[in-house]
Structure formats: structure tokens, C-alpha cells
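A lone chain, given as C-alpha cells: the form predicted on its own.
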Amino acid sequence: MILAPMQGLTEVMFRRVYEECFPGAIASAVSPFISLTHGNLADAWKKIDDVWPESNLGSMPVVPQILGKEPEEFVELGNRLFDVGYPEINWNIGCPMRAITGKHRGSGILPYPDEVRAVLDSIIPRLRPQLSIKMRLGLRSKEEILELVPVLNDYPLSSITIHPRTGRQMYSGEVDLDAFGRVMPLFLAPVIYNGDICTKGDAERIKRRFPSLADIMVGRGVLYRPTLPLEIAGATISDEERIALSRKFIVRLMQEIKDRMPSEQATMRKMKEYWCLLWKSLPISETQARVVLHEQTLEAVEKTIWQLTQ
């Protein structure tokens, strides 16, 4: 099982605490993307703290993800990451954010198979780490991925992760499992499924329907239910144990945030950002959970979270 990249959430702080609380539950992670920032590699290199090896001691293994389409900068950054110990990097051609897609980055490049081919033609011969890809069915249409199959099959990709929505859908609407099922066997590279796995039953249904999957990738489901990877792996966990483990994880993560963030305001914002998802693992109501979001001081946020996790 692979932890999905979620900007601001599945960063090294989260990965390290998760591995501490649930050792081995998640085999590996793809990092939130490092942006090539429109060719400014100096800026990109300044932002690799999240995957710097020393920062990831005690964390689960991670594959750095790159967002961008500038071949020279992509190769240089990828090879630098290889030099510091990463045998694989991931290319993000799935991000649905409009500020990104409008520049033919993320899922914005999916309607343009010739652009995808041009990037891969340029980087693959010079890239020392293996390359995997994370993508969607398309930007505007789920049919766009069909034009990309012959392109991606021409390159030695280590895997292709598919989130079966379009970029325009963002995270709304249903995942299109029929479209995923049609395209999955067409790819030569191993295919990984990502999207809306929030329960053990969700994972079991995906695995039954697509038995040839290389793996599954889980994102928000881990924040909604931190014990989910254990449950998917077959562990029997009672509701009492699940809640106790979730409480322990939340408290430990909040302490890590307090220890690592540079200011009280940044600490409070980060705690609230995680709390928006993590509270769902506790036996509390949405009304109770919202109290945290309305608190105006770090002391009040900490106190309320503490009370709700006891």
C-alpha cells in the first residue's frame, strides 16, 4: 500500500509520525510535489526539505514527485535526487488545480499527448532514476487517457498510478471505475489504483474488480481513519482499539506540529488543517469538531483538541 501525495498534509512530518505510531502499515509514499516553478530550478531545489534524506529518518520510504514540464530542469532535479539516494521519481500529470492546469502542468498536459511525448523523449535518455507517473483520466474528458496509452507505452516507466476522475472534476463526483477498467489493461507498465479508498470494504472491492493491479494508493482515507492501512492488511481492530490508536496518533501529530512549525500562527493553521480531516476518526460530532476551527489562539486550539481526544 502506498500513501498518496497530498500538498500540505502527507509531508515528512506526517509520514514520520505515522510510521512511529503504525510501523510498517504503509509500505511507501509518494511525496507532495516539488514544483519546477516554471524552470526556476534554484527555487525548486530550495523546496526539497520534504524529501531530504536526513529529514526522512524514521519515516516510511518515499518517492519524490516532480511537477513541471521543463525537460532540462526536470533531468537536473531528478538526477540530483538520485545522487542523494532516490532510485525513483514520480512525474505529476494529475494535479487538478486550475492555477496549474492552465499552464499545461499537472492534468493540464493530458489533452496534449504530443507535449507528453516531447517531455519524455527529452528526459528519459538522460534520467538516472526510474520514472513513474501519477495521472488522471484526462483534463476535460475521460477519453483523453486513451490517446496517452500509446505514448506512455513507448517508455520504460516503473509504474502508472491512475486516479479515475478528470481534472475538471477535482475531487467531486464518483470515480469512474468502468473507464479505469477499460484503460488499465492497455498499459504495459504496472498500474496502481488511487481514489476514494476510505474503508476496508472500498479496498477489497477495488482489488476484487481489478485483481491484476500492482498496488493501491490511499490518501484522505488514512486521515479519516488512521488505522485503515492496518485494517486493509487484515488486522482485526475493535472500535475501542481503533479510537484509542487514532487518539494517540492525533495527539502525537499535534505535538510534532508544535515542535516543528516556525510560529504560533503557523502552528495553529497547520493543526486546524489536519483537524478538518482527523476528527472523523473520533466518536465526536461535527458540531464539536468545529469548535476547534473557531478558536483564535494556539492555546485554545490545543486545549480543545486535547479535550476532544480524551
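Residue numbers run from 1 along the displayed sequence. In this text, all values refer to a predicted model and were calculated from it rather than measured experimentally.
One more form of this protein, predicted together with a small molecule, exists but is not displayed; see below.
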Is the gap between K200 and the small molecule in the predicted complex 4.5 Å or less for some heavy atom pair?
no
Could you tell me if S246 has a non-hydrogen atom within 4.5 Å of the small molecule in the predicted complex?
no
With the cut-off set at 4.5 Å between non-hydrogen atoms, does W275 touch the small molecule in the predicted complex?
no
Partner proximity in the predicted complex: I192 to the small molecule, non-hydrogen atom cutoff 4.5 Å:
no
Check each of A300, L9, V291, C21 and return the one that places a heavy atom within 4.5 angstroms of the small molecule in the predicted complex.
L9
With the small molecule left out of view, choose which of R220, R80, K142, R128 has a non-hydrogen atom within 4.5 angstroms of it in the predicted complex.
R220
In contact with the small molecule in the predicted complex (heavy atoms, 4.5 Å), from 54-62, 264-272, 251-259, 29-37, is stretch 29-37
